[in-house]
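Just one chain is shown here, as C-alpha coordinates, and it is the form predicted alone.
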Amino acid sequence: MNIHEYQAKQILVQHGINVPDGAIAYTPAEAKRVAQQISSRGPWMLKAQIQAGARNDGYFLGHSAGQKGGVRKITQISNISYEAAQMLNNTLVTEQTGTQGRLVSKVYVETFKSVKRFFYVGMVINSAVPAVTILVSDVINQDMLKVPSEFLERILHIDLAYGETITDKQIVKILDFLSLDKKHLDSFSDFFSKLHRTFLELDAQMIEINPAGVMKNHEIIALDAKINFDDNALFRHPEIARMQDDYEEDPRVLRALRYGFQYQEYEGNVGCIVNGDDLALECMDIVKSKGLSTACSLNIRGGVDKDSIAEGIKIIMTNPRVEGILINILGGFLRCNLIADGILAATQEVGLNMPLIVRLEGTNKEEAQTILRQSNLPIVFADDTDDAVKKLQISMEEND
(Lines give C-alpha, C1' and ligand atoms only; values in the text may rest on other atoms or scores of the structure.)
Protein backbone atom coordinates (compact mmCIF):
# COMPACT_ATOMS: atom_id res chain seq x y z
CA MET A 1 0.00 0.00 0.00
CA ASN A 2 1.27 3.45 -0.93
CA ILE A 3 0.56 6.69 0.92
CA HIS A 4 0.97 10.38 0.12
CA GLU A 5 4.06 12.44 0.89
CA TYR A 6 2.35 14.39 3.66
CA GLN A 7 1.28 11.14 5.34
CA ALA A 8 4.78 9.72 5.06
CA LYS A 9 6.18 12.84 6.68
CA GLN A 10 3.70 12.57 9.54
CA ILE A 11 5.02 9.06 10.17
CA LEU A 12 8.64 10.21 10.02
CA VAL A 13 7.96 12.96 12.57
CA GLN A 14 6.37 10.40 14.89
CA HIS A 15 9.64 8.45 14.72
CA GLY A 16 11.86 11.44 15.49
CA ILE A 17 12.99 12.31 11.95
CA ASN A 18 13.19 15.97 10.92
CA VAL A 19 10.87 17.27 8.19
CA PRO A 20 9.96 20.86 7.20
CA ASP A 21 6.89 22.33 8.88
CA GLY A 22 3.86 21.87 6.65
CA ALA A 23 0.19 21.04 6.32
CA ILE A 24 -2.31 19.84 3.75
CA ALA A 25 -4.75 22.15 1.91
CA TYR A 26 -7.78 21.43 -0.26
CA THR A 27 -8.51 24.93 -1.60
CA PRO A 28 -6.38 27.88 -2.76
CA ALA A 29 -7.56 29.97 0.20
CA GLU A 30 -6.67 27.21 2.63
CA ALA A 31 -3.22 26.91 1.04
CA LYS A 32 -2.61 30.60 1.70
CA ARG A 33 -3.75 30.28 5.33
CA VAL A 34 -1.45 27.31 5.86
CA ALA A 35 1.48 29.23 4.38
CA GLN A 36 0.86 32.16 6.74
CA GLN A 37 0.62 29.82 9.74
CA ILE A 38 3.85 27.92 9.12
CA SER A 39 6.02 30.88 8.06
CA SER A 40 5.41 34.60 8.12
CA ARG A 41 8.07 35.40 5.52
CA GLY A 42 8.53 32.32 3.32
CA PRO A 43 9.71 31.00 0.97
CA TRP A 44 7.39 28.02 0.80
CA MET A 45 7.20 24.78 -1.16
CA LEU A 46 3.86 23.93 -2.78
CA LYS A 47 3.48 20.26 -3.70
CA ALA A 48 0.70 18.47 -5.55
CA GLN A 49 -0.25 15.33 -3.61
CA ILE A 50 -0.48 12.33 -5.90
CA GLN A 51 1.04 8.91 -5.33
CA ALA A 52 3.57 9.10 -8.15
CA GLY A 53 7.13 10.30 -8.49
CA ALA A 54 8.71 12.83 -10.86
CA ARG A 55 6.14 15.48 -9.88
CA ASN A 56 8.67 18.26 -10.29
CA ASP A 57 9.13 17.47 -13.98
CA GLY A 58 5.45 16.79 -14.65
CA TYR A 59 2.90 18.93 -16.45
CA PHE A 60 -0.80 19.66 -16.09
CA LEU A 61 -3.17 18.63 -18.87
CA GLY A 62 -4.60 21.57 -20.74
CA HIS A 63 -1.97 24.02 -19.54
CA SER A 64 0.34 25.87 -21.87
CA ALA A 65 3.76 24.50 -22.78
CA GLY A 66 6.39 25.22 -20.17
CA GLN A 67 3.86 25.27 -17.33
CA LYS A 68 5.59 24.55 -14.05
CA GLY A 69 5.19 21.06 -12.62
CA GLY A 70 3.70 19.69 -9.43
CA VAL A 71 6.42 20.95 -7.04
CA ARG A 72 6.99 24.71 -6.88
CA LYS A 73 8.98 27.15 -4.76
CA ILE A 74 6.87 30.19 -3.86
CA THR A 75 8.54 33.37 -2.65
CA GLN A 76 5.55 35.72 -2.29
CA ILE A 77 2.54 34.97 -0.08
CA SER A 78 0.32 36.68 -2.66
CA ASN A 79 1.22 33.95 -5.18
CA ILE A 80 0.24 30.98 -3.02
CA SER A 81 -3.48 31.03 -3.91
CA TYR A 82 -2.80 31.47 -7.62
CA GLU A 83 -0.25 28.65 -7.78
CA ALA A 84 -2.48 26.32 -5.72
CA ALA A 85 -5.38 27.03 -8.08
CA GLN A 86 -3.13 25.97 -10.97
CA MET A 87 -2.76 22.55 -9.33
CA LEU A 88 -6.03 21.76 -7.56
CA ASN A 89 -8.68 19.89 -9.55
CA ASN A 90 -6.30 19.60 -12.49
CA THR A 91 -4.62 16.47 -13.88
CA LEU A 92 -0.89 16.13 -13.31
CA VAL A 93 1.03 13.94 -15.76
CA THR A 94 4.43 12.58 -14.75
CA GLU A 95 6.76 9.87 -15.98
CA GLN A 96 5.17 7.50 -13.46
CA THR A 97 1.48 8.27 -13.99
CA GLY A 98 1.28 7.48 -17.69
CA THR A 99 -0.39 9.81 -20.16
CA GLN A 100 -3.71 9.71 -18.30
CA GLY A 101 -2.16 11.49 -15.29
CA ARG A 102 -3.66 11.83 -11.81
CA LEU A 103 -6.20 14.35 -10.58
CA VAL A 104 -4.80 16.62 -7.84
CA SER A 105 -7.33 17.00 -5.04
CA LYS A 106 -4.99 18.40 -2.37
CA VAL A 107 -1.70 20.24 -2.06
CA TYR A 108 0.95 20.21 0.65
CA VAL A 109 2.35 23.55 1.79
CA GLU A 110 5.64 23.50 3.70
CA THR A 111 8.46 25.83 4.63
CA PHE A 112 11.39 26.00 2.25
CA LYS A 113 14.58 24.75 3.87
CA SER A 114 18.02 25.89 2.77
CA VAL A 115 20.49 23.02 3.10
CA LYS A 116 24.22 22.60 2.51
CA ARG A 117 23.99 19.26 0.70
CA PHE A 118 21.38 17.02 -0.93
CA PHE A 119 21.51 13.24 -1.17
CA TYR A 120 19.24 10.28 -1.89
CA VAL A 121 18.28 7.63 0.71
CA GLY A 122 16.27 4.49 0.09
CA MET A 123 15.46 1.37 2.09
CA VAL A 124 14.02 -1.71 0.39
CA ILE A 125 13.47 -5.40 1.09
CA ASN A 126 16.15 -7.45 -0.64
CA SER A 127 14.67 -10.96 -0.69
CA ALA A 128 17.70 -12.40 -2.47
CA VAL A 129 19.98 -11.86 0.55
CA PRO A 130 17.60 -11.58 2.55
CA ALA A 131 18.11 -8.18 4.12
CA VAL A 132 16.97 -4.60 4.30
CA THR A 133 19.14 -2.84 1.73
CA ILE A 134 20.05 0.79 2.30
CA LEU A 135 20.66 2.80 -0.87
CA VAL A 136 22.58 6.08 -0.77
CA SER A 137 23.43 8.29 -3.72
CA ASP A 138 24.33 11.81 -4.72
CA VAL A 139 21.90 11.39 -7.64
CA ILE A 140 18.64 13.02 -6.55
CA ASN A 141 15.17 13.56 -8.00
CA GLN A 142 15.46 10.49 -10.21
CA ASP A 143 13.91 7.04 -10.22
CA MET A 144 16.77 4.86 -8.94
CA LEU A 145 15.54 1.95 -11.05
CA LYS A 146 16.15 4.05 -14.15
CA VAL A 147 19.56 5.50 -13.31
CA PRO A 148 21.73 4.74 -16.36
CA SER A 149 24.11 1.82 -15.91
CA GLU A 150 27.13 4.11 -16.23
CA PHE A 151 26.04 5.84 -13.00
CA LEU A 152 25.54 2.68 -10.94
CA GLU A 153 28.82 3.32 -9.14
CA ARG A 154 27.11 6.40 -7.71
CA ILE A 155 24.74 4.23 -5.66
CA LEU A 156 26.02 2.74 -2.39
CA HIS A 157 24.40 -0.50 -1.15
CA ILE A 158 24.48 -1.60 2.48
CA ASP A 159 22.69 -4.79 3.55
CA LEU A 160 21.30 -5.17 7.08
CA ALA A 161 20.22 -8.72 7.87
CA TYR A 162 17.30 -9.38 10.22
CA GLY A 163 18.28 -8.38 13.77
CA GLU A 164 21.19 -6.21 12.66
CA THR A 165 21.42 -2.47 13.27
CA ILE A 166 23.52 -0.02 11.37
CA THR A 167 27.03 0.43 12.78
CA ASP A 168 29.35 3.41 13.03
CA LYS A 169 31.63 1.69 10.52
CA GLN A 170 28.78 1.61 8.00
CA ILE A 171 27.92 5.24 8.73
CA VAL A 172 31.55 6.20 8.06
CA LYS A 173 31.28 4.31 4.77
CA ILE A 174 28.25 6.44 3.86
CA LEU A 175 30.05 9.66 4.82
CA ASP A 176 33.09 8.70 2.75
CA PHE A 177 30.83 7.85 -0.19
CA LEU A 178 29.21 11.30 0.02
CA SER A 179 32.58 13.01 0.67
CA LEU A 180 31.45 14.29 4.06
CA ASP A 181 33.76 14.48 7.09
CA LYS A 182 33.39 12.65 10.39
CA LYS A 183 31.79 15.60 12.21
CA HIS A 184 28.52 14.37 10.62
CA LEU A 185 28.82 10.94 12.26
CA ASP A 186 26.36 11.50 15.11
CA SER A 187 23.62 13.10 13.01
CA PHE A 188 23.90 10.49 10.24
CA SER A 189 23.91 7.65 12.76
CA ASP A 190 20.79 9.05 14.44
CA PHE A 191 19.00 9.56 11.12
CA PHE A 192 19.73 6.12 9.65
CA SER A 193 18.98 4.33 12.93
CA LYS A 194 15.58 6.00 13.20
CA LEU A 195 14.78 5.37 9.54
CA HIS A 196 15.70 1.69 9.84
CA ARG A 197 13.61 1.34 13.02
CA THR A 198 10.65 2.99 11.26
CA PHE A 199 11.04 0.57 8.35
CA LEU A 200 10.97 -2.50 10.60
CA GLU A 201 8.30 -1.39 13.07
CA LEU A 202 5.79 -0.51 10.33
CA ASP A 203 6.46 -3.52 8.05
CA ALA A 204 7.49 -1.24 5.21
CA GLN A 205 8.56 -2.59 1.84
CA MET A 206 10.19 0.64 0.73
CA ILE A 207 11.10 4.02 2.19
CA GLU A 208 12.53 6.68 -0.10
CA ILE A 209 13.81 10.11 0.92
CA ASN A 210 14.50 11.90 -2.36
CA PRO A 211 16.08 14.18 -1.47
CA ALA A 212 17.38 14.35 2.07
CA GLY A 213 19.26 17.47 3.10
CA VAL A 214 22.21 18.20 5.39
CA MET A 215 21.57 21.42 7.32
CA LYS A 216 24.15 23.85 8.68
CA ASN A 217 23.97 22.24 12.13
CA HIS A 218 24.75 18.86 10.47
CA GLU A 219 21.22 17.56 11.14
CA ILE A 220 19.47 15.57 8.40
CA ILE A 221 16.06 16.64 7.14
CA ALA A 222 13.68 14.69 4.90
CA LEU A 223 12.66 17.11 2.15
CA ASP A 224 10.51 14.50 0.42
CA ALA A 225 9.22 11.12 1.55
CA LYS A 226 7.63 8.03 0.05
CA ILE A 227 6.67 4.87 1.95
CA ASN A 228 5.21 1.63 0.65
CA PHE A 229 3.82 -0.93 3.12
CA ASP A 230 3.42 -4.70 3.01
CA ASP A 231 -0.30 -5.34 2.40
CA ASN A 232 -0.04 -8.67 4.23
CA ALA A 233 1.00 -6.89 7.44
CA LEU A 234 -1.58 -4.10 7.46
CA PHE A 235 -3.72 -5.99 9.97
CA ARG A 236 -1.00 -5.11 12.50
CA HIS A 237 -1.19 -1.42 11.61
CA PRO A 238 -4.82 -0.26 11.39
CA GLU A 239 -3.66 3.35 11.69
CA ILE A 240 -1.66 2.87 8.48
CA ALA A 241 -4.45 1.01 6.68
CA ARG A 242 -6.75 4.00 7.29
CA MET A 243 -4.35 6.17 5.26
CA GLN A 244 -5.20 4.38 2.00
CA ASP A 245 -6.52 6.75 -0.64
CA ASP A 246 -8.96 4.80 -2.81
CA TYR A 247 -8.96 7.58 -5.41
CA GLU A 248 -5.29 6.81 -6.07
CA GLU A 249 -5.84 3.09 -6.57
CA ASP A 250 -6.57 1.45 -9.89
CA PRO A 251 -10.15 0.06 -9.89
CA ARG A 252 -8.78 -3.42 -10.64
CA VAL A 253 -6.53 -3.22 -7.58
CA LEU A 254 -9.49 -2.28 -5.39
CA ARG A 255 -11.61 -5.12 -6.82
CA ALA A 256 -8.83 -7.58 -6.06
CA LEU A 257 -8.45 -6.30 -2.51
CA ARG A 258 -12.18 -6.73 -1.98
CA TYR A 259 -11.70 -10.47 -2.43
CA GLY A 260 -8.46 -10.66 -0.47
CA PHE A 261 -6.28 -11.01 -3.58
CA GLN A 262 -3.04 -9.24 -4.39
CA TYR A 263 -2.98 -7.60 -7.81
CA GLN A 264 -0.12 -5.73 -9.46
CA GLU A 265 0.21 -4.17 -12.91
CA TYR A 266 3.26 -3.84 -15.12
CA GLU A 267 3.94 -2.82 -18.72
CA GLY A 268 3.82 -6.19 -20.55
CA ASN A 269 1.16 -8.33 -22.23
CA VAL A 270 0.91 -11.54 -20.16
CA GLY A 271 -1.60 -11.93 -17.33
CA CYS A 272 -0.51 -14.33 -14.55
CA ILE A 273 -2.79 -15.94 -11.97
CA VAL A 274 -0.98 -17.79 -9.17
CA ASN A 275 -1.40 -18.80 -5.56
CA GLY A 276 1.79 -17.83 -3.78
CA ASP A 277 4.59 -15.27 -3.88
CA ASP A 278 7.18 -17.82 -5.01
CA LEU A 279 5.00 -18.88 -7.93
CA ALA A 280 4.44 -15.25 -8.88
CA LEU A 281 8.17 -14.56 -9.00
CA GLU A 282 8.86 -17.80 -10.86
CA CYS A 283 6.22 -16.98 -13.47
CA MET A 284 7.52 -13.47 -14.03
CA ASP A 285 11.13 -14.66 -14.32
CA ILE A 286 10.31 -17.41 -16.83
CA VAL A 287 7.98 -15.14 -18.81
CA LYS A 288 10.83 -12.63 -19.11
CA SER A 289 13.36 -15.34 -20.05
CA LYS A 290 11.16 -16.36 -23.00
CA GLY A 291 11.10 -12.84 -24.39
CA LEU A 292 7.62 -12.02 -23.08
CA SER A 293 6.67 -9.56 -20.35
CA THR A 294 4.12 -9.47 -17.56
CA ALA A 295 1.10 -7.17 -17.82
CA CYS A 296 -0.35 -8.04 -14.43
CA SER A 297 -0.20 -10.63 -11.68
CA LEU A 298 -3.06 -11.84 -9.49
CA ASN A 299 -2.11 -13.76 -6.35
CA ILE A 300 -5.06 -15.68 -4.89
CA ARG A 301 -5.15 -17.56 -1.62
CA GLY A 302 -6.91 -20.49 0.01
CA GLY A 303 -10.29 -20.09 1.68
CA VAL A 304 -11.96 -18.74 -1.46
CA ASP A 305 -14.97 -19.93 -3.43
CA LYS A 306 -15.86 -20.26 -7.12
CA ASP A 307 -17.41 -16.79 -7.35
CA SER A 308 -14.41 -14.96 -5.88
CA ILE A 309 -12.03 -16.86 -8.15
CA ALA A 310 -14.21 -15.97 -11.13
CA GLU A 311 -14.05 -12.30 -10.16
CA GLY A 312 -10.28 -12.52 -9.92
CA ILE A 313 -10.00 -14.10 -13.36
CA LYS A 314 -12.26 -11.39 -14.82
CA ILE A 315 -9.90 -8.75 -13.46
CA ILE A 316 -7.12 -10.26 -15.56
CA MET A 317 -9.31 -10.84 -18.63
CA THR A 318 -10.55 -7.25 -18.70
CA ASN A 319 -7.07 -5.69 -18.48
CA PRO A 320 -6.60 -4.15 -21.96
CA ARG A 321 -2.86 -4.91 -21.96
CA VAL A 322 -3.34 -8.66 -21.55
CA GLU A 323 -2.91 -10.71 -24.74
CA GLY A 324 -2.47 -14.10 -23.07
CA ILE A 325 -3.24 -15.62 -19.67
CA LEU A 326 -1.19 -18.07 -17.63
CA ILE A 327 -2.90 -19.78 -14.67
CA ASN A 328 -0.35 -21.52 -12.46
CA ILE A 329 -1.84 -23.15 -9.35
CA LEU A 330 -0.35 -25.54 -6.81
CA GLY A 331 -3.49 -26.75 -5.07
CA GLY A 332 -3.31 -27.74 -1.43
CA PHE A 333 -5.87 -26.03 0.70
CA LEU A 334 -6.99 -24.31 -2.50
CA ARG A 335 -8.69 -27.05 -4.54
CA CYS A 336 -8.02 -27.15 -8.26
CA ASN A 337 -11.67 -27.84 -9.12
CA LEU A 338 -12.60 -24.43 -7.67
CA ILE A 339 -10.17 -22.84 -10.12
CA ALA A 340 -11.82 -24.76 -12.97
CA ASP A 341 -15.30 -23.67 -11.85
CA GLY A 342 -14.08 -20.07 -11.59
CA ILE A 343 -12.65 -20.19 -15.13
CA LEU A 344 -15.99 -21.40 -16.49
CA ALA A 345 -17.95 -18.75 -14.61
CA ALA A 346 -15.64 -15.97 -15.80
CA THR A 347 -15.59 -17.05 -19.44
CA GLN A 348 -19.36 -17.43 -19.52
CA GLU A 349 -19.64 -13.75 -18.55
CA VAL A 350 -16.81 -12.08 -20.48
CA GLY A 351 -15.87 -14.73 -23.07
CA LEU A 352 -12.42 -15.99 -23.95
CA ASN A 353 -10.76 -14.22 -26.86
CA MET A 354 -7.10 -14.83 -26.01
CA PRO A 355 -4.81 -17.80 -25.30
CA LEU A 356 -5.31 -19.39 -21.87
CA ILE A 357 -2.70 -21.80 -20.53
CA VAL A 358 -3.50 -23.72 -17.34
CA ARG A 359 -1.07 -25.56 -15.10
CA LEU A 360 -2.82 -27.21 -12.14
CA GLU A 361 -1.14 -29.41 -9.57
CA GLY A 362 -2.49 -30.77 -6.30
CA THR A 363 -5.86 -31.35 -4.70
CA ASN A 364 -8.60 -32.41 -7.19
CA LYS A 365 -6.32 -31.86 -10.20
CA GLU A 366 -7.96 -34.61 -12.30
CA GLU A 367 -11.47 -33.36 -11.53
CA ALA A 368 -10.45 -29.84 -12.55
CA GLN A 369 -8.97 -31.00 -15.84
CA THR A 370 -12.12 -33.01 -16.60
CA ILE A 371 -14.30 -29.95 -15.95
CA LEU A 372 -12.24 -27.79 -18.29
CA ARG A 373 -11.96 -30.40 -21.05
CA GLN A 374 -15.71 -30.96 -21.05
CA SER A 375 -16.27 -27.21 -21.39
CA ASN A 376 -14.86 -27.27 -24.94
CA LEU A 377 -13.05 -24.01 -24.23
CA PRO A 378 -9.76 -23.55 -26.17
CA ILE A 379 -7.68 -24.12 -23.03
CA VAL A 380 -4.14 -25.53 -23.25
CA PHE A 381 -2.85 -27.62 -20.34
CA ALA A 382 0.77 -27.55 -19.15
CA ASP A 383 2.88 -29.81 -16.94
CA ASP A 384 4.94 -27.15 -15.15
CA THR A 385 5.68 -23.43 -15.22
CA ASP A 386 8.33 -23.62 -17.93
CA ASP A 387 6.05 -25.75 -20.13
CA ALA A 388 3.18 -23.32 -19.54
CA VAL A 389 5.19 -20.28 -20.63
CA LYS A 390 6.48 -22.08 -23.74
CA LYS A 391 2.94 -23.03 -24.75
CA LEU A 392 1.69 -19.52 -24.03
CA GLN A 393 4.41 -18.05 -26.23
CA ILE A 394 3.45 -20.36 -29.11
CA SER A 395 -0.26 -19.65 -28.68
CA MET A 396 0.25 -15.88 -28.59
CA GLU A 397 2.38 -16.00 -31.75
CA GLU A 398 -0.32 -18.04 -33.50
CA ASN A 399 -2.96 -15.59 -32.28
CA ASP A 400 -1.21 -12.57 -33.82
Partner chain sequence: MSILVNKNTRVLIQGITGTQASFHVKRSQDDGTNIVAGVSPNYERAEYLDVPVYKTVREAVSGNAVDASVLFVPARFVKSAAREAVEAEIPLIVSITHGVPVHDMLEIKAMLKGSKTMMIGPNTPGIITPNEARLGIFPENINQKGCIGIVSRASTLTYEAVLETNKAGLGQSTVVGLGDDLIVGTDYPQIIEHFCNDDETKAIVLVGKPDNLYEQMAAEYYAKLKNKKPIIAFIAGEEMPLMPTMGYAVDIITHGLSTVRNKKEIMQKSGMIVVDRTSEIHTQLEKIFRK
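Residue numbers count along the first chain shown, from 1. Between two forms, the rigid core is the largest collection of C-alphas that superpose within 1.5 Å. Computed from a predicted model, the values in this text were never measured in an experiment.
Quick note: we don't show the form predicted in complex with the partner chain, though the next part is all about it.
With the partner omitted from this view, the residue of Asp341, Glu367, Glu30, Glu361 that lies near the partner chain in the model of the complex is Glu361 [heavy atom within 4.5 Å]. When the partner chain is considered in the model of the complex, only one residue from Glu219, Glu311, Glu323, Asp203 comes within 4.5 Å through any heavy atom, namely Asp203.
Note on the interface: of 111-119, 273-281, 80-88, 185-193, the segment with non-hydrogen atoms within 4.5 angstroms of the partner chain in the model of the complex is 273-281. With respect to the partner chain in the model of the complex, the three residues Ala131, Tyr266 and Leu330 uniformly fall within 4.5 angstroms at the level of their nearest heavy atom.
Put simply, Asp285 is close to the partner chain in the model of the complex: some heavy atom of it is within 4.5 Å. Using a 4.5 angstroms threshold between heavy atoms, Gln393 stays clear of the partner chain in the model of the complex. The closest heavy atom approach of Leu254 to the partner chain in the model of the complex falls outside 4.5 Å. The partner chain in the model of the complex is not approached by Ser297, whose heavy atoms all lie more than 4.5 angstroms from it.
For the stretch 217-233, the set of residues having any non-hydrogen atom within 4.5 angstroms of the partner chain in the model of the complex comprises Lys226, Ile227, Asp230, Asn232, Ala233, in sequence order. Superposed on the core, the two forms barely differ at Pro238: its CA moves less than 2 Å between the shown form and the other one. Relative to the superposed core, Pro28 undergoes a C-alpha shift smaller than 2 Å between the shown form and the other one. Core-superposed comparison between the shown form and the other one: the CA of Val107 stays below a 2 Å shift. Three angstroms is the minimum change: in the model of the complex, the CA atoms of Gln100 and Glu267 sit closer than in this structure, by 3 Å or more. Put simply, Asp231 and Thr294 spread apart in the model of the complex: their C-alpha atoms are 3 Å or more farther than in the form shown.
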